[in-house]
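Coming up is one lone chain in structure tokens, specifically the form predicted on its own.
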Amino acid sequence: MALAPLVADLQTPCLVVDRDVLEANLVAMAARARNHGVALRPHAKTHKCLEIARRQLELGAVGLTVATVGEAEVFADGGFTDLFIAYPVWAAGLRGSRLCALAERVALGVGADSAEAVELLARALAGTEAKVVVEVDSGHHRTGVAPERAGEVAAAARRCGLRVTGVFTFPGHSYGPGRRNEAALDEARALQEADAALRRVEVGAGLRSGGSTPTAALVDEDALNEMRPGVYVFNDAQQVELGAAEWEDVALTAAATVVSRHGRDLVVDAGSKVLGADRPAWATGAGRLPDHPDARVEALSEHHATVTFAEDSSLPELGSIVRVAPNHVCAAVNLADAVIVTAGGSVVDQWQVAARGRNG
């Protein structure tokens, strides 16, 4: 499948969304969830755009996942009424008051992975209908309690008067070459063990929520009944290198102008303040050029990227515009005020990154 033509007169650098590719990604994930009989609650931290979130719900999403209280506030203000904050929220001070205000106007779910966090949540959310979902560690080793101990957190929440709806996890260790299958198996096993732990303390709430973009194609409907992928809406260089996407599935790229040439190296005017600085150890570059798949972003400064081309490849001309796929699209979007929307090689819209910078 050929990539859509570039828009020639963009003011670079800027982030550009191909609306047709975005729509295809949204439709495909909605169909995947539907075919597996799994609810889709996409993670909005990737796109942070009200327009994309609305389309996700039109296609059948049951609600949105968000990363922070601030993101939840933005989407609540935008009219979204079913939100899950997918991390163990520490509901002290002002954050507790903000959570309470959210719970009074939306159906709110909040993650927890300790009895101490549950006690704070109980004070903050007293008198509301907010729900707690126990986070378990399925192998990423970031947040989450061991699956066999999920019942302890659930029982603590119930003693505090909170309603527990189930368990969730993030198989973040899927972000590594050759690890997608292993991570999907770990995720399924952890959710099943955690669900059993809840049942042992008679908190059989039933929600088993997981999923990441790398493991979305490997979902085990016997273990999961809800999936929360995020990056799939845009995809990025990481997803291509992991085998979770092809270049024609990448809906967001940075448009950048070639401003300098030195041998086989070109310099473009999109650096870390546009692309983000993420470069995992296994990645082959700090970004990729979908139209030149053999090229690699070898170095990033704040406002420029150095791109190295293979000896036998043709070089873009000085002054030409190229598209650069960030390694991690979530970080790139959080740096932009707006994204340019194109279709068929023409600009058709501009969307504000409404939840940009709402990191707390």
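Only a predicted model underlies this, so the values are computations on that prediction, with no experimental measurement involved. A residue's number is simply how far along the shown sequence it sits, counting from 1.
The following text describes the form predicted together with a further copy of the same chain, which does not appear among the structures shown.
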**Prompt:** Is a further copy of the same chain close enough to P13, D278 and C330 in the model of the complex that each of the three has a heavy atom within 4.5 Å of it?
**Reply:** yes
**Asked** Quick one: which of 108 to 116, 123 to 131, 211 to 219, 197 to 205 gets within 4.5 Å of a further copy of the same chain in the model of the complex, going by heavy atoms?
**Response** 108 to 116
**Prompt:** Of these, V274, A237, A251, L224, which has a heavy atom no more than 4.5 Å from a further copy of the same chain in the model of the complex?
**Reply:** V274
**Item:** Proximity of R95 to a further copy of the same chain in the model of the complex, heavy atoms at 4.5 Å
**Value:** yes
**Asked** Would N35 sit within 4.5 Å of a further copy of the same chain in the model of the complex, counting heavy atoms only?
**Response** no
**Request:** State yes or no: in the model of the complex, is some non-hydrogen atom of A343 no more than 4.5 angstroms from a non-hydrogen atom of a further copy of the same chain?
**Result:** no
**Request:** Although a further copy of the same chain is absent from this view, report whether D82 comes within 4.5 Å of it in the model of the complex, heavy atoms only.
**Result:** no
**Asked** Counting only heavy atoms, which residues in 287 to 309 are within 4.5 Å of a further copy of the same chain in the model of the complex?
**Response** S301, E302, H303, H304, T306
